[in-house]
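Read the single chain below, which is given as structure tokens and is the form predicted on its own.
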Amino acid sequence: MAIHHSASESKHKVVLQPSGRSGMVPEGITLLEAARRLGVGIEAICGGRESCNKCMVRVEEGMFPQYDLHSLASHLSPPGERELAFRRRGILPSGYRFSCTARVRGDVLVTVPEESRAQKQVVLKQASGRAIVVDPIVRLHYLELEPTRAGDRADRQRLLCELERRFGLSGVEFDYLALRELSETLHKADGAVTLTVWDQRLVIRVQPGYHEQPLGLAVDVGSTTLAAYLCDLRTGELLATATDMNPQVTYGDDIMSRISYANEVASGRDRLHGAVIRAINQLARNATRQVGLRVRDIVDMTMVGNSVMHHLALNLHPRSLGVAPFIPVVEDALDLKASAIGLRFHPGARLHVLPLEAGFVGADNVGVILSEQPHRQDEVMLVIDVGTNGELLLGNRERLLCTSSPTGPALEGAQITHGMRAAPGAIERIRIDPETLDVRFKVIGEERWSDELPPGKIQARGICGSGIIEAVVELFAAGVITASGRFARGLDTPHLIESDGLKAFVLVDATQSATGSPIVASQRDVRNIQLAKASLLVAAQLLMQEWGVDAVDRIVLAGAFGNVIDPAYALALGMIPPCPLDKITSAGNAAGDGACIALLNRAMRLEAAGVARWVEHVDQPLADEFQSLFMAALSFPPIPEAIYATRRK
């Protein structure tokens, strides 16, 4: 006797491109459900209500021998009235279907376009072209509840049941503040709401009607500079960037002075904490204003910073970081409510703080690892995050070492006579003629060199980190200062003056200055640059000694300052170990990039936690050994001929 199968028991082959996933699925299920069963995520904020138009896929027609499949548009259920309305309005292109309503009736091959994929890819860095998968920990889900009737369950239970039915999320709870908003929001929107769900388990926001743009903020808390990156958590798009000086510099230029302030001044820790939180809140306001949004729209944030900045931002006392063995209060990653530390975003917004490594090597260095991926390379990489507290990584997939360097703020323009942050009007490039000692320079915001402009139009305001480094190298190359860093004796030039009792070289005369006073590089400035560059070089040498290599395959200069310094000048200064110029690259603010990666991809938070415990921390050696290395590193090395050629550009 023949056995007849019902239509509901029939199965058809579904192939999803470009992933290549395929399998047999029951007749009658939607393409959206078929994709989920085959492990392909398709964006569907509305959960099948035909409201969000985010789940569209393209139906491919014809024979596909490699899959033994004949695909036809008629192998899907016909479009309904709402889908046809989207097509008439030009929102749904010809050949496309909404996967949430198209039901499988035969074998079919469909292409899921990039914009419809739940896990999109975005290019994080234009220079490297590195793409990351967008899979945030926060997602939006649109739901519509029918009007309440006698015998219905409570609003919360009905929403949670609908959330599980449409999106497969079970065991979800409500944050209290979201629960408090629930009744009024449902009433205002006639039962149509968008839930913001954190980690597939906590509703942190309830919005009336349909919404599709959750906002996240990634923040790098540097000792001298703060940087905030506003991102669309659904698309991965970087919407706006905002930067400012860290207001804690008022209480101390470097991390040790801030530890001292927290220890010695009544309410010092609270003052330092309050200053940086107010600044982050202002950065968030600045970033959201740029794109016409509100700070209250921010629902997730990641934060990185060195160990001291990490503690002060969290209002944890940094006293234990000021004495050996430099043990932090907490080193693992933290998940908190953003409001717990005073951040004024949405009341339910979450904060993820990346883990620390050891000592002064903090969450910012973990961010650098996520960004530059040295632990996934075969080459031996040296990554130097140049800042007030320099942090260095050396290694590859076999072994990764880290250390910190008390560089000081000179490389970022502080502790320099006319130093300033990299802002419009700051000198960023300098060339000195070795014969005449005439100076030409470029300021930020002006593409032309100073000798191409009338004096009154130049208006230099000061000199930033890259400018003072080039000035020191140019002075050495021109014979104005010696390898020891002292001004050469017997020079007869009007450029050489006395400033505050010290010898100084006039880089910009009064007619070219916005202040009406000359801008100089003094003997103290040269010395501060020597101290900073020697500190970085010795730290790199210690890591290489521990690893057992005399040279590295590649050097990456990270940090806001590392992005603007010319690698040729870093070599000429003796700030980094010898390396071919074409193997030295700039990574920009890699710590900030790492914070963005953790914001946009939840799996990267787990990777950060693992690599933070895997990397080996190398302590600075005993005082006598360090002192001998440091004194040798103070001198300027001979400038190679190849760098002379670069200087003339």
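Everything numeric here is computed off the predicted structure, so don't read it as measured data. Residue indices: 1-based, along the sequence shown.
In what follows, reference is made to the form predicted in complex with another copy of the chain, a form of this protein that is not presented.
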Study note, to complete from the structure: Given 308 to 316, 86 to 94, 474 to 482, 290 to 298, the stretch touching another copy of the chain in the predicted complex at heavy atoms within 4.5 Å is 308 to 316
Review point. Is residue 328 one of the residues lying within 4.5 Å of another copy of the chain in the predicted complex, judged by heavy atom distances?
Key: yes
Point to revise | Contact flag, residue 257 vs another copy of the chain in the predicted complex, heavy atom cut 4.5 Å | key: no
Check your understanding: residue 156: heavy atom within 4.5 Å of another copy of the chain in the predicted complex?
Key -> yes
Review point. Are any of the heavy atoms in residue 149 no more than 4.5 Å from a heavy atom of another copy of the chain in the predicted complex?
Key: yes
Point to revise | 176, 179 and 332 each touching another copy of the chain in the predicted complex (heavy atom, 4.5 Å) | key: yes
Exercise for review: May I ask you to choose, among 531, 506, 341, 453, the residue with a heavy atom within 4.5 Å of another copy of the chain in the predicted complex?
Suggested key: 341
Revision key, fill the gap. Checking 184, 379, 498, 264 against another copy of the chain in the predicted complex, the residue with a non-hydrogen atom inside 4.5 angstroms turns out to be 184
